[in-house]
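Let's start with one chain on its own, the form predicted on its own, as structure tokens.
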């Protein structure tokens, strides 16, 4: 479970009514929203506040559709995160939530890119948020998403069984067309639905050919490998496209598996100073990391690719 921080920017009377997903999303957004004027808020989430949704549905049954408390309903909708951020910061601009399961954050990112092409002088708050709820966990457990044996995150990639570990988290970004003081440039994003690893390989190969000049090499491939033996074939197919120059790393032992985990991957490449050894699967020869491909899949069906260029490369640890 994500370790929550103190939320000094949220009034206590509002904070006590918030579900965890809303708290995490607003907590991550506050530093950006307080220090910058944003023209819109774009959030990707698969479920929003599912725990509050289930509480509200239980109230309907328990009270026989009588007098219901509105708090759980207000906090339960997927767009509650974006709405609360807008209300707290009196932002009346573009406000939208993308709910596309494992591609929710990628679609939010595509939306931001299209808005910036139409409004080149604007800037937007972009984020991905999802929580673990008892309801989600139980349904996913019955669907075979999680490992039956007890396993630590440190041993996640040594396991050859089906399933992974549950995760949750929130990551927020300020996106615009201004390169001054920028941490990174998001060059492209692409999504794909398939269960065939060769389709993934060919799609990623075409993505690389379109996005990278012939002389440019990928310094880092960051994958969403999660210890689920059923999904490893897709990552193995992706890794086969990169030579010894490219370092291959993984991140889901840090945050667990959840639909918008790719937002955490983007945050990591933007703010890590160097690659820690526990993330590295295969050490490449690149001395520094500037050109990055993020390759993630959710449930072996929804695949997303991102091409990132860091303004200042991070160190490639040995």
Partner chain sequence: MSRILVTGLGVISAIGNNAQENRKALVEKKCGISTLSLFNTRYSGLRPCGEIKTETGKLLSTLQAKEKGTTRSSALALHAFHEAVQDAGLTAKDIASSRTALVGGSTVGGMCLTDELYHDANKSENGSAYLSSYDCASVNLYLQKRYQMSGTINTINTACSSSANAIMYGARLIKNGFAKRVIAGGADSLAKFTINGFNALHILSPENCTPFDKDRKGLNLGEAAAFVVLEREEDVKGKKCYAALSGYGNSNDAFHASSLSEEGDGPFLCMQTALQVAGLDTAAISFINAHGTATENNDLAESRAMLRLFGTPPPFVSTKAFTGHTLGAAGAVEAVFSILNLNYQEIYPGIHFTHPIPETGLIPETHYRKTSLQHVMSNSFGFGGNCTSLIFSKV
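Numbering follows the first chain given and starts at 1. Here the structure is a predicted model, which means the values were calculated and not measured.
Quick note: we don't show the form predicted together with its partner chain, though the next part is all about it.
Peer 1: Using heavy atoms and a 4.5 Å limit, would one call residue 115 a contact residue for its partner chain in the model of the complex?
Peer 2: Because a heavy atom of residue 115 falls inside 4.5 Å of its partner chain in the model of the complex, the answer is yes.
Peer 1: Does its partner chain come within 4.5 Å of any heavy atom of residue 138 in the model of the complex?
Peer 2: Judged by the heavy-atom cut-off of 4.5 Å, residue 138 is in contact with its partner chain in the model of the complex.
Peer 1: So, residue 255 and its partner chain: in the model of the complex, are they within 4.5 Å at any heavy atom pair?
Peer 2: Answer no; every heavy atom of residue 255 is more than 4.5 Å from its partner chain in the model of the complex.
Peer 1: Does any heavy atom of residue 198 come within 4.5 Å of a heavy atom of its partner chain in the model of the complex?
Peer 2: Close contact is absent here: in the model of the complex, residue 198 is far from its partner chain, nothing within 4.5 Å, heavy atoms only.
Peer 1: Its partner chain isn't shown here, but in the model of the complex which of 92, 245, 148, 185 has a heavy atom within 4.5 Å of it?
Peer 2: Contact residue from the list: 92.
Peer 1: Identify which of 282, 273, 278, 61 has a heavy atom within 4.5 Å of its partner chain in the model of the complex; exactly one of them does.
Peer 2: Answer to the contact question: 61.
Peer 1: From the candidate stretches 94-102, 160-168, 226-234, 208-216, select the single one in contact with its partner chain in the model of the complex, where contact means a heavy atom within 4.5 Å.
Peer 2: Among the candidates, contact is made by 94-102.
Peer 1: Would you mind checking 140-169 for residues with a heavy atom within 4.5 Å of its partner chain in the model of the complex?
Peer 2: The stretch 140-169, when checked against its partner chain in the model of the complex, contributes 141, 142, 143 at the 4.5 Å heavy-atom cut-off.
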